[in-house]
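Presented as structure tokens, the chain that follows is alone, the form predicted alone.
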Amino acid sequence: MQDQESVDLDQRWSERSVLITGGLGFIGSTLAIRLVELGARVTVVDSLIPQYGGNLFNLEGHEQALRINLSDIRDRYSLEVLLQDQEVVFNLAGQTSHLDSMRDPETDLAINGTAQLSLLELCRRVNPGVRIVFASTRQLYGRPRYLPVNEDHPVEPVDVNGINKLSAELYHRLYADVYGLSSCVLRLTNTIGPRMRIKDARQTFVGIWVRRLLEKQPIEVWGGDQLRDFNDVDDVVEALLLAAADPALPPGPYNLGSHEKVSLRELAERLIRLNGRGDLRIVPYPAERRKIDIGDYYSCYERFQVATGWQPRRRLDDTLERTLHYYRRHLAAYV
């Protein structure tokens, strides 16, 4: 038998039209599969640009249950058609690498700034009743003045990516205030789990650690003492669904986060223990990275918890173990 929560979710999403930008990426594909399971009519749009994390394998076995559109959110003409008649848009597409944003700031601006404004303007024109959930980042806080970081913390981005994500947030909130678009902004912390990018560290450093472990290479830890919190991708998907399901929920922003916090050294040691083998090397922070490193960071997610009842339910070790198991079976599809 289904429990009451499952029944409520089925009723809430059954036959609803949903668009996921960045839907072949890590979080987007996990969300798409969950929505298909709940009976939604799902369209995913993704550019499949190699640097940005989209991977057709992420939806293996589910391709016939949803619609896949290969296009770029910078293409406003295709986006205009895709947005029509959608009830919910999960706006997850973005350039995620902080270092890439410093090396190629114009591209980061085009994807994380200009394209976000275009999407909102198209929604205003062709689908003003749509519900929009935007995935932002904790990076825009910069170096914490206090911990845990809540939404009242000063916003002082340390890189171009943070500035552009902040601009995108403000666009979403402006269009809600001025035009009445229904939107909600979630600030994600470190999200990990199956389907995350492991080819390199553009999406998360945990991914490249997993790859090196499974390829019997040592994990390279920069510094090691920095504290972080992590969310299982399934917990993030639940947060996205909650944010989308309640149109009365104010735009936010809302932090996600975890009550568990660990140093990078401890995280690497946990991965090695769960893998059963491996080595780590503690090395100084590269100069180029040190300039945009934020030091210790972990979130206060109380605002979103009070508003929706959400809380992280997956233990960090369970997430790490599940992730290692996934990539032991599917490593070739991700490297």
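Numbers follow the displayed sequence, beginning with 1. Since the model is a prediction, treat every value here as computed from it, not as a measurement.
One more form of this protein, predicted in complex with another copy of the chain, exists but is not displayed; see below.
- Only one of the listed residues (208, 242, 166, 196) places a non-hydrogen atom within 4.5 angstroms of another copy of the chain in the predicted complex, and that residue is 166.
- Of the residues 214, 126, 170, 227, just one reaches another copy of the chain in the predicted complex with a heavy atom at 4.5 Å or closer; this is 170.
- For the candidate spot formed by 76, 109 and 177, every residue has a non-hydrogen atom within 4.5 angstroms of another copy of the chain in the predicted complex.
- By the criterion of a heavy atom within 4.5 Å, residue 265 is excluded from the residues contacting another copy of the chain in the predicted complex.
- In the predicted complex, another copy of the chain lies farther than 4.5 Å from every heavy atom of residue 204.
- Using a 4.5 angstroms threshold between heavy atoms, residue 250 stays clear of another copy of the chain in the predicted complex.
- Although the partner is absent here, residue 157 is a contact residue: one of its heavy atoms lies within 4.5 angstroms of another copy of the chain in the predicted complex.
- This chain is displayed without another copy of the chain, yet in the predicted complex the stretch 112 to 120 from 256 to 264, 232 to 240, 218 to 226, 112 to 120 comes within 4.5 Å of it by heavy atoms.
- Annotation for 78 to 108: interface residues with another copy of the chain in the predicted complex are 102, 105, 106 [heavy atom within 4.5 Å].
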